[in-house]
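Okay, so here's just one chain, in structure tokens, the form predicted on its own.
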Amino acid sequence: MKPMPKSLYLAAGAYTVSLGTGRPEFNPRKPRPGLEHYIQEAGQASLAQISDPNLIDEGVIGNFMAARFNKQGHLGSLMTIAHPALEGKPMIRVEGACASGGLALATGIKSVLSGLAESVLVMGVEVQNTVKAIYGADILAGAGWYAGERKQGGTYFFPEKFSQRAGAFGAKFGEEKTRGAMAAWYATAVENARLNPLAQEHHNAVKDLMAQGLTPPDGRSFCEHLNLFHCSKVSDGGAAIIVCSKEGYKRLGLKRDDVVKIVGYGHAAANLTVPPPDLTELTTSRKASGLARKMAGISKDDYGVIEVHDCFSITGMLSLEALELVAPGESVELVIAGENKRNGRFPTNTGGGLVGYGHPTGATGVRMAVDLWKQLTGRAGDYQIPLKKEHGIMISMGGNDKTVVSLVVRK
């Protein structure tokens, strides 16, 4: 695997509150902010960290389903409302289901590698609390093969898909242990979110999180192998970060301590019309993260912080196995032992992840990059961890492990 052909960096990260159930300011009966609000808030917070927004060469925004949730397309042009300096410059919107933010990062990376840009503003946005959950579940089913899977899928399409994965994992490695590990994943996510004031679960004051996570699943009303606490919530929010070259970050008035270096990149897609080869493995995530790790020339023992796409608790566990931190089935022991906690061997989703922070779909991949940048530059505030290693890795996954972008960054 070739090394990164040109030095690339991440800088000036920012994201908004993840708004939805659990946040005290959320009220489904009252008007709430729209796409424009989150684009402006995240974009302006990022651009405020550089010397001159006019020096941004291009912009790219990741979004999944604004055309359905908000009846709004054409988000590349809408992105210019973040700052007048963006007017007249190349702006583009990309989509890849829940990996839309990851694809936005990939697009920014390629622009800088091409030499056509020195700095690219990368954003992600999603506003999902515009419809009832049952209708939103149908919209989100578009991340799968709708024509071939939807009629046979559950009412809550993606929870059902990952319930099947949880069931298969439990049947193979032990149902009771699997449920215990999923409950522990939920508890850790909320504990991390309590330290992140922007997280959707920040105000969660439940004393016994494990007991809540162990609530028996009800297949009649939801899913056979997942309860609601194993799921990321419906969320509204935005995130932004700048992908730049060495020359680019210097032009933006930034210093080396303000940036992290991108040292590994992996991107893989699988056939959307074909079922996963093994419900107990995330094979595309393994492929993409393996590519990123090989490009970076590091091993699993070099990660100081990790961001994975835990749309469901079982997905977080499977992602740790896709990263080859442990062998198949052994994520159960890793999570129960707390090795994914802030003080564990593999600190994961330190700001709450999707289960704790929230999952504004198109923003999630960018938010992951922001949290890696925050941790590696010491800007994570109350959820800052003492870094034991200098590298971080992220997995931005779309659909049922069908589109995956992975980045390795270095302090």
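Predicted, not measured: the structure shown is a model, and the values here were computed from it. Just count from 1 along the sequence shown to find any residue number.
The form predicted in complex with another copy of the chain is left out here; the points below concern that form.
Q: Can you pick the one in 195, 325, 295, 332 that has a heavy atom within 4.5 Å of another copy of the chain in the model of the complex?
A: If I apply the 4.5 Å criterion carefully, the residue I get is 295.
Q: Select from the listed residues 90, 253, 180, 219 the one whose heavy atoms reach within 4.5 Å of another copy of the chain in the model of the complex.
A: It is 90.
Q: So which of 337-345, 146-154, 183-191, 311-319 is the stretch with heavy atoms within 4.5 Å of another copy of the chain in the model of the complex?
A: Selected range: 146-154.
Q: Taking 127, 137 and 379 as a possible spot, do all three reach another copy of the chain in the model of the complex with a heavy atom inside 4.5 Å?
A: The answer is no; none of 127, 137 and 379 reaches another copy of the chain.
Q: Considering non-hydrogen atoms and a 4.5 Å limit, does another copy of the chain approach residue 209 in the model of the complex?
A: Residue 209: no contact with another copy of the chain in the model of the complex.
Q: Given that another copy of the chain is not shown alongside this chain, does residue 77 nevertheless sit within 4.5 Å of it in the model of the complex, heavy atom to heavy atom?
A: Contact check for residue 77: yes, within 4.5 Å of another copy of the chain in the model of the complex.
Q: Is residue 103 close enough to another copy of the chain in the model of the complex to count, meaning some heavy atom within 4.5 Å?
A: It does: once another copy of the chain is placed as it appears in the model of the complex, residue 103 has a heavy atom within 4.5 Å of it.
Q: So in the model of the complex, does residue 227 come within 4.5 Å of another copy of the chain, heavy atom to heavy atom?
A: So residue 227 does not count as contacting another copy of the chain.
Q: Can you list, in sequence order, the residues from 259-298 that come within 4.5 Å of another copy of the chain in the model of the complex, counting heavy atoms only?
A: If the 4.5 Å heavy-atom criterion is applied to another copy of the chain in the model of the complex, 259-298 yields 265, 267, 268, 269, 270, 271, 272, 273, 287, 295.
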